[in-house]
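Read the single chain below, which is given as structure tokens and is the form predicted alone.
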């Protein structure tokens, strides 16, 4: 049946002109292999021709086919494609049946796509009787897509009203292309996809890739150097009056918070020039401040004293908004729900408590959900509580009514843990001077080990970081910062500069070239690149 309306933009190659093309050279049509990996020459040449046509170099693609003797598509495919673009639905169905290598299921599915467009075109041109005849005598006998057939039937009853329009014919051809085997109709953009895949593999295998600026080239293999890892001390912050135990960048990377044995916490601001400056000093705790936790939108922050109270602060004003405390219990850890409407805390009686923002206790879970020195995290829309429940065990507790517990058991005592940004992975620091990477989504599985740093007496914390969180950084009791490649466990850098044990590291989540470390020497080091891009 002839087409109605304008034809969509041409895609790929269509009819091959027979004019001004040189005679075919005597090149073998056999499946010769090229390169060291046994790439089939026929497939390789077809991909190049397909890419040339996709880029608009139609004549060049035709010359390649003629000279190589390797056609991009058999003539029946070219004819079929042109009939689709012209809207010649009946002729295209005849051509479809001539493609002998297609199995019956592909022929049926492709016929349905073609006949659906024929049906919609007839309705659109105010021919409901012909459309109904196509539906009854051509579409229904295919005995597939029954729900869609019923939808098409309802359209006949709505003839004359606003209704579904036929797709552009180039889109119909693309839909058909996805149904055909790739050796019959090459998937769109296949060569470009292979090139992009190769670039991705090169970047993934590069231990130092840590740049948002694309420097990949097709002319050379991708290879970053150590200069992409923050390894130079750019700034030393010295506002704390005692050991700095904890620090954490805000989710938006605009602030850094630190806590200290001096009973204070500090909110630092990351300025546009990369310099870090003091914004607020948070005072009021009666004991050293062990940790901080940013709210999901970074407008508030929690501070937790050592077996003390938890305080909630406004980041902009520095004002204390609420104090969380319970009888004679001390708090040992704190965190937010993902929505920011609840606060969780670990207590000295080894329980976990959930509070509303006003400091009212809503629920608690006793029976050794946490230890006296503990990390605490919430994931899965607030459903799962992750805590150190025994010296060598981490509990992933489902607090829903029918929830259950999953346990990660280590062979040595746990020092600390941290969750990845996507909440699918867990870094566990151990007293045997190892850090373990666990996958916790789906089946729990140990993926990697990181070694080289020193941990025996103190709480030392590690973190994920860098571009796509491809690195692991940790403090160490030997006054250094250690950085590993997350995928392989390869130790990439050891950063010297502190004069006391490094207790905690934090990587800026929006700047892969900014790392912070907190130390017993009372300072915070801001690390950056050895050069400026």
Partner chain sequence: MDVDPRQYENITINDNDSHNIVLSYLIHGCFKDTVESLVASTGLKVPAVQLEDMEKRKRILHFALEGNALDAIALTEHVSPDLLENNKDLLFDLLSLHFVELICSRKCTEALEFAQAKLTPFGKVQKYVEKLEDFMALLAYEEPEKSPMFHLLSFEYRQHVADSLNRAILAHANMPSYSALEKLIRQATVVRQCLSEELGKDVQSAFSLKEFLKS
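In this text, all values refer to a predicted model and were calculated from it rather than measured experimentally. Positions refer to the first chain, counted from 1. Under this definition, the rigid core comprises the largest set of C-alpha atoms superposing within 1.5 Å between the forms.
FYI, the form predicted together with the partner chain isn't displayed, but the following is about it.
Distance criterion of 4.5 Å from any heavy atom to the partner chain in the model of the complex singles out 146 from the list 409, 286, 445, 146. Taking 254, 136, 108, 424 one by one, only a single residue has any non-hydrogen atom within 4.5 Å of the partner chain in the model of the complex, and it is 136. For residue 128, a non-hydrogen atom is located within 4.5 Å of the partner chain in the model of the complex, even though that partner is not displayed.
The closest non-hydrogen atom of residue 297 lies beyond 4.5 Å of the partner chain in the model of the complex.
Residue contact with the partner chain in the model of the complex: residue 315 places no heavy atom within 4.5 Å of it. Using a 4.5 angstroms limit between non-hydrogen atoms, residue 183 is distant from the partner chain in the model of the complex. Annotated contact segment (heavy atom within 4.5 Å of the partner chain in the model of the complex): 137 to 145, selected among 137 to 145, 434 to 442, 232 to 240, 82 to 90. Contacts between 139 to 158 and the partner chain, taken as any heavy atom within 4.5 Å in the model of the complex, involve 140, 146, 149, 150, 153, 154, 156, 157. Superposition of the core reveals a Cα shift of 2 Å or more for residue 136 between the shown form and the other one. With the core held fixed, the Cα of residue 233 is displaced between the shown form and the other one by less than 2 Å. Comparing the forms between the shown form and the other one on their rigid core, the Cα displacement of residue 409 stays under 2 Å.
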